[in-house]
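Heads up, the chain shows up twice below as structure tokens, two forms, tagged structure 1 and structure 2.
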Structure 1
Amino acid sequence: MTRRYDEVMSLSLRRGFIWPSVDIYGGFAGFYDYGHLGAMMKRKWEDLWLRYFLGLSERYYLIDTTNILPYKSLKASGHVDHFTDILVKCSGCGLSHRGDHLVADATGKSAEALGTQEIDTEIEKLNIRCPKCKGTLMPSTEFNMMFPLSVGPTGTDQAFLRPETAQGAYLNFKREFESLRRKLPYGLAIVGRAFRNEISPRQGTYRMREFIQAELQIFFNPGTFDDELDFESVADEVIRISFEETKEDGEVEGIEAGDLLGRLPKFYVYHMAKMQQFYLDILKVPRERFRFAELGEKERAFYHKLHFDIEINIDSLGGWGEINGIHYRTDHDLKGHQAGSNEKMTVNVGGERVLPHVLELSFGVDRNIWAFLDVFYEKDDRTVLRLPKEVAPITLGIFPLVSKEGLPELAREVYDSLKHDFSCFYDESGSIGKRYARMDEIGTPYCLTVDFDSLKAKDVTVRERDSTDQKRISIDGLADSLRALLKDEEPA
């Protein structure tokens, strides 16, 4: 692991962002807890995400759905059958292989639909041996990545923890279509937990067994969606993109959204542009650390017609890491639930019956939080976390210059007047420089200091984190001045 990983993790542990769950019992692989700073940062990230993506359309809405889903619904979605791997272990060298891959290699046909018994039969019939050492293979075992649960007193109602939040949107599609007055397109956002029994969780919060997704599922009429978007507003956006053929080289092209239309559908490019703007314009992620990366046919799920990941160059994880995805899921999901539930999912819009298609904007919240801790962490003379103001867990540090002669009292007054409107932190211990340093380290964008002049002039100094520049602002109207400052406007 890199030194940067250790530094970021050390900061995170020390100050209270993230740490392993159940730490006092030695930890629990694949599970992490958020401390008081991490939890606040995550909440703010989610709020910002929600405001931005719901703001993309007056027809995008937030819903909230259950973490536990019954067998039937996940059978219909394909997760019961396809979210599994059939593993075959070699009795000689002990290596595990995927059963369907072994059979597919021997027959030249996809074996994805076969069960464990069928795989075993095929292996015997075709006399398949370990590709590594030619040893004999043991009976196959099934491994489903979903966590099974028994619901109810008899335990006969089989269920699972949801492997993705997306299903909640599909399951509620019809209800919301009615509530939202039978119009397309519309979108359902869910911010919530998903669970996957990863074989080998690694790299901190990058691959977890319980994680948080922020997803927007957009239901649309594939025949008309392109014309329902204001594509002109994003046509000039230079999209940073790596296609399948070149992404391994780390090559990133800059292509105007308008020029991608020959290669990708309009609605898809439009949302790519909006996602990119969220990162580059709102969150101020350095441009060179951001890209879309195309997934090839073998990498993506069979029902993802188009799949690009958003990757951030994360030094502590050794380079480009996937944090989000934009998936064109076609009508796969609604079609599956239509068949599984016998509920008709086609809807009547503009005089025709359509089975809506789905565009999924999917964000890994924990991965974003880690990426931000990494990307904005800087250590040379001082340690500064240059977090976007909106996601910094604490917005204002409020201090008396020294803790005597009436300064703490006035500083307390300032604190009390702001504490309900901003995330504030009051401190009077140690030297002023120490207190600034502590705030820099956790990304606090502004510190207000009450000094001796403040007593007469009724003002405070405002110190900016990145530049350490200071200016004086009157206590009268302070909240409004700070609001302006936080929006990058000049205070009144």
Structure 2
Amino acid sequence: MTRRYDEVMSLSLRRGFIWPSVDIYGGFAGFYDYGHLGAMMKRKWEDLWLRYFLGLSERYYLIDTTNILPYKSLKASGHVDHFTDILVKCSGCGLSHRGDHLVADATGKSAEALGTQEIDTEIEKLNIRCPKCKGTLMPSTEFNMMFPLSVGPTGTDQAFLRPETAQGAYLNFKREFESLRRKLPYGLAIVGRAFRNEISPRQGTYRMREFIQAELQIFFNPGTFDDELDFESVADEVIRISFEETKEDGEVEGIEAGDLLGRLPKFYVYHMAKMQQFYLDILKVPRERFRFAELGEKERAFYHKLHFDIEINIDSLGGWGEINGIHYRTDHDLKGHQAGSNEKMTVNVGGERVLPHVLELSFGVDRNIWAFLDVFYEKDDRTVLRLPKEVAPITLGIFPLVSKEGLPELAREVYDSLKHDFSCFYDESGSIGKRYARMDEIGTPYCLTVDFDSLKAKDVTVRERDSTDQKRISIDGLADSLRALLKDEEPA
């Protein structure tokens, strides 16, 4: 791991963002828990995601579905037969490895497109040995990543923990179509847990066995969807994009959305632009750290006709890392469930029978949290986590300058007046400089200090995290003034 990885993980452990599950027993590979700051940051990120993406259309809705799915449903979706990674075992120590990771680590290039025979060829050609004991590696095999379950008192009902949240939307498609007055397009969003039995989980919360996805499944008529979107509103958006043939070189092109229409469908480009705006305009991710990266036919999932990942340049992981994806799944999912259940998935829209296609906007919540801890972490003359204000776990730190002469009492009054409208933290321990430093390190945008002048003027000193600039603001109307600051506006 890199020094940057160690720094980000140290911050996470020390301050209460993320740490290994079951830590007192030595941890549990591929599983992590969120501490008090991480849980708040994650919840704020999820809330912001919901507001933005459900706001793209009045016909996009949130649902919540089961984590356990029966065998038949995942057989119909193709996961029983095709949801695999390449497993390579060591003949010496018996440790399991993911084949494409072994090759990628040896070459510095992605190997996700390689099959078992190609992996074996590369291992032999490059003389790759077991990273742990340097033993000889056995021939590779395909490994299904789903967690099997036995349901019921006798265990006769075979099921799996869901490998993706998406199937919940497809299985509820018909009921929601009827409930939503039989109109297309419409979208179903799910924020929840998914489970994949990763062969070699690594890189902290970037690759886990139990993880959180935020996904929007958009059901549409492929013959009319382009005309139902306001493409002109995004036509001039310059999309940062790397195509299949150039992405390994790190090349990123800036292409206006309108100029991508000769290569990609209009509805696809429209949603690429909206996803980019979410990251660059709302979350303030530096433009140079963001890109769409195309996956070729051998790399992408078997059910995707088009697949671009959203990647962030993450220093702690050594470069570009996937955090999200936009996938055109065509009618694969509904067609599969129609065949497996004998339930018709075609619907009548305006007198036309349609088997809807699906556009999937898929986000790895845990990966986003890790990426933000990395991208916005700065350690120079001071340590600062420059998180977007909307996702900072604590919005306001509230302090008395010293713990005497009425300052704590007034500071508590300020805290009590704000705690229901903002996420606040009260602290009177240590010097004011150390308290500011603690808040900087966890990303708190503003600190409010009650000093001796506050007792007379009934105001507080408000310190901004990034610039450390300070201004005095009246306690009267303080909540409204802070709302203005959080919107990058001057308080009244």
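We call the rigid core the largest set of C-alpha positions that still match within 1.5 Å between the two forms. Please note that residue numbering is based on structure 1, beginning with 1 at the start of its sequence. Remember, it's a predicted structure, so these values are computed and weren't measured experimentally.
K.L.:
Which of these two chains, shown alone, is the form predicted on its own?
P.N.:
That would be structure 2.
K.L.:
So which of F267, F143, E198, K458 is at the hinge, taking the rigid parts that turn between the two structures?
P.N.:
Considering the domain motion between the two structures, the hinge residue is F143.
K.L.:
Relative to the larger rigid part, the smaller one rotates by how many degrees between the two structures?
P.N.:
Rotation between the two rigid parts between the two structures amounts to 72 degrees.
K.L.:
Could you tell me how many Å the Cα atom of D85 shifts between the two structures when the rigid core is held superposed?
P.N.:
Comparing between the two structures after core fitting, D85 shifts 5.7 Å at its C-alpha.
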